[in-house]
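We begin with a single chain expressed as structure tokens, specifically the form predicted on its own.
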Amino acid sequence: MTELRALGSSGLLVSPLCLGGNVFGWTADKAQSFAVLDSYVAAGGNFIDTADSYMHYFPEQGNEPGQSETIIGDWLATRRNRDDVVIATKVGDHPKYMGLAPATIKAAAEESLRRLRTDHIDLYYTHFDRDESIPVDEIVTALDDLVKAGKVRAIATSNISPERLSASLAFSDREGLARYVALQPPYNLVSRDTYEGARREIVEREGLACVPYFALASGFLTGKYRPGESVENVRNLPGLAGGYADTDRGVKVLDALERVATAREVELATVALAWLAEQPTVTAPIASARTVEQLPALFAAQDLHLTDTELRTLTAASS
């Protein structure tokens, strides 16, 4: 039985592996997505992450924003298990609801609720804090209004500067408003400075949870991308996993992962997630699965306890 963890000060209890919903409606159709969701829950998972924008980033592939939320909403309605899962979604990157102006946040939340076919969102993230001319006071107040209305249980943030994160928390404390309970940064063995440093210090000091995305570096840490090799994969697009294969750090990390994984007789993804789960402040790494067959390697990380030597080996390779 998966042991649930407290998500910061939210009162929410979540599984130590968060299932990423970015592939739903993109590389996984509705039937595949339902199968993955069913298997994830059957294995003890209860924490599902999506966004109102998934997956509009690659319009040349026919993607439309909101498909992931719609699929998850249909699944929740079909399975009648809304109270058994923690649903996290995000605001600020949907083409029709871009940015974090208060009116945008509230309108986007209504659309997410409609697509998810629910009356509340468990964890509501600000997705990107691109326009810093919008005062954090206005953003937090809009989110607090949603909490007071019962439409959102807890709020969180992603892709925000340390300065704006600190200012947001200070405003919440000063005014007695809803407070961010989690930060979702990009963080993995080949991308550490995106979190380690000022952001992690704030998370630790303020009692937030860290829920990292790109936990497997868009698939690179599964070992499928190697130097000089071409991989046919819809997700291997410019700026994603393939870019790590030709870096010194990428080569060193794969070599270290290979050695630990071979010794432990597990997959590279399992070791990469286990390393991340051991890092200070990390509550639940996010990982996506396009097929049911990809899930066991992800869940295995929950039972893989790396030795101090293995942790040092991986950390040194990624430095």
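Counting begins at 1, following the sequence as shown. Predicted, not measured: the structure shown is a model, and the values here were computed from it.
Below, we refer to the form predicted in complex with a small molecule, which is not included among the displayed structures.
- Just one of Lys224, Lys96, Arg114, Arg82 comes within 4.5 Å of the small molecule in the predicted bound form, counting any heavy atom, and that one is Lys224.
- In summary, among the residues Ile71, Ala154, Ala215, Ile139, the only one with a non-hydrogen atom within 4.5 Å of the small molecule in the predicted bound form is Ala215.
- Using a 4.5 angstroms threshold between heavy atoms, Asn159 counts as touching the small molecule in the predicted bound form.
- Taking non-hydrogen atoms only, Ala274 never approaches the small molecule to within 4.5 angstroms in the predicted bound form.
- The small molecule is not shown here, but in the predicted bound form it comes within 4.5 Å of a heavy atom of Lys90.
- Taking the partner from the other structure, the small molecule in the predicted bound form has no heavy atom within 4.5 Å of any heavy atom of Arg199.
- Partner contact region in the predicted bound form: 124-132, out of 97-105, 139-147, 124-132, 160-168, criterion any non-hydrogen atom within 4.5 Å of the small molecule.
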